[in-house]
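Encoded as structure tokens, the following chain is the form predicted alone, with no partner shown.
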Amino acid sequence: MLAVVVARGGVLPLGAEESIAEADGQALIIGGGAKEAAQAVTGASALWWSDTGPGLRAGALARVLVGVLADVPLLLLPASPDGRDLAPRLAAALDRPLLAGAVAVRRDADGVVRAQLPRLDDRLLLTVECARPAVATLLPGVRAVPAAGRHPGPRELPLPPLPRLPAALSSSAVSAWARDVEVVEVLEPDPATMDLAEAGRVVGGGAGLVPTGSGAGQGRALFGLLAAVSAALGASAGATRVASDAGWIGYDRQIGTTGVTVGPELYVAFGISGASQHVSGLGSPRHVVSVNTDPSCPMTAMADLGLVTDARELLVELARRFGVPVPEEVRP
């Protein structure tokens, strides 16, 4: 069993450590800055890396990996955007079934692969058995990651260069290349619109950010200001379910059991008490800052830095310092 993790710019994707733990610590890190990303892995027992350049040409990469990974019975990828892109192409190239979106994957001594797949909005857990080699993706936030320990340093695994798009294509080659892409340029994502699960910094807002008795208009204005301040910090804006249900922010920004699972380097929580439904979607952020008037709330208890103050007043002050316009209706 081997975890295959695609890195970008030397950064591991969300769910990478979980996939490596599920694969008993054996992993291959590929992508741009693969060596740097491999050095950041904390729980590996056997670790290889191969820098395949910026961007992801999933079809070409799958064809190259076939000759290296053909004898590995079970390949496990994190269900990150790149993992979801590479996994089906790798399965097709190896002529294997794909077990997508699993919460647990194992290969027994008898060679049977068993995966648990959530269905019907996570209300049903389906156990699937596969009697031959397979490719699977593991959802982030579904298992614990062992504490960091000693492990061997990452070793380079030389791979053949990815094939380039030929200047002239035959009719048979056209169909093969049409299933792939040619990377022209890799653009950094806009924190305001990027996939929240991939954000390195997240600023979250909860019910405590909006004064009691405020109308929906003031709530939306405050969360608009939260998004603007987040952008000034190079972060993405998130929220609790209470905020999204109230219409203050879109459901695509909701963090928690019924929303998005995130794993940022930094999470700043404005007016969030830290209910279990929300905290379960935080993954393992490296640093947490809590802004709340309650010094005993769960979010402040788990934070590296707890600021006991009014979340709205602090947000407005930050906006002023960053030169972000403050709407009249949200001023203290």
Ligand SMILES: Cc1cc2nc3c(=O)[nH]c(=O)nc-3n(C[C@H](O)[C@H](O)[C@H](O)COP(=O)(O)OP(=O)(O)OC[C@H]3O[C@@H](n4cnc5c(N)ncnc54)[C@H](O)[C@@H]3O)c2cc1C
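Given the structure is predicted, the values throughout are model-derived calculations rather than measurements. Heads up: residue numbers just count along the shown sequence, starting at 1.
Below, we refer to the form predicted together with the named molecule, which is not included among the displayed structures.
This chain appears without its partner; in the predicted complex, the one residue of 107, 241, 89, 96 with a heavy atom within 4.5 Å of the named molecule is 241. Here is the short version: of 28, 291, 34, 61, the single residue with a heavy atom within 4.5 Å of the named molecule in the predicted complex is 291. In the predicted complex, the named molecule sits within 4.5 Å of a heavy atom belonging to residue 310. In the predicted complex, the named molecule lies farther than 4.5 Å from every heavy atom of residue 218.
Taking the partner from the other structure, the named molecule in the predicted complex has a heavy atom within 4.5 Å of a heavy atom of residue 258. Contact annotation: residue 273 falls within 4.5 Å of the named molecule in the predicted complex, judged by heavy atom distances. Across the options 98-106, 75-83, 199-207, 134-142, residues that bring heavy atoms within 4.5 Å of the named molecule in the predicted complex belong to 199-207. Relative to the shown form, the CA atoms of residue 81 and residue 244 are pushed 3 Å or more farther apart in the predicted complex. The pair residue 9 and residue 239 is at least 3 angstroms farther apart at the CA level in the predicted complex than in the present model.
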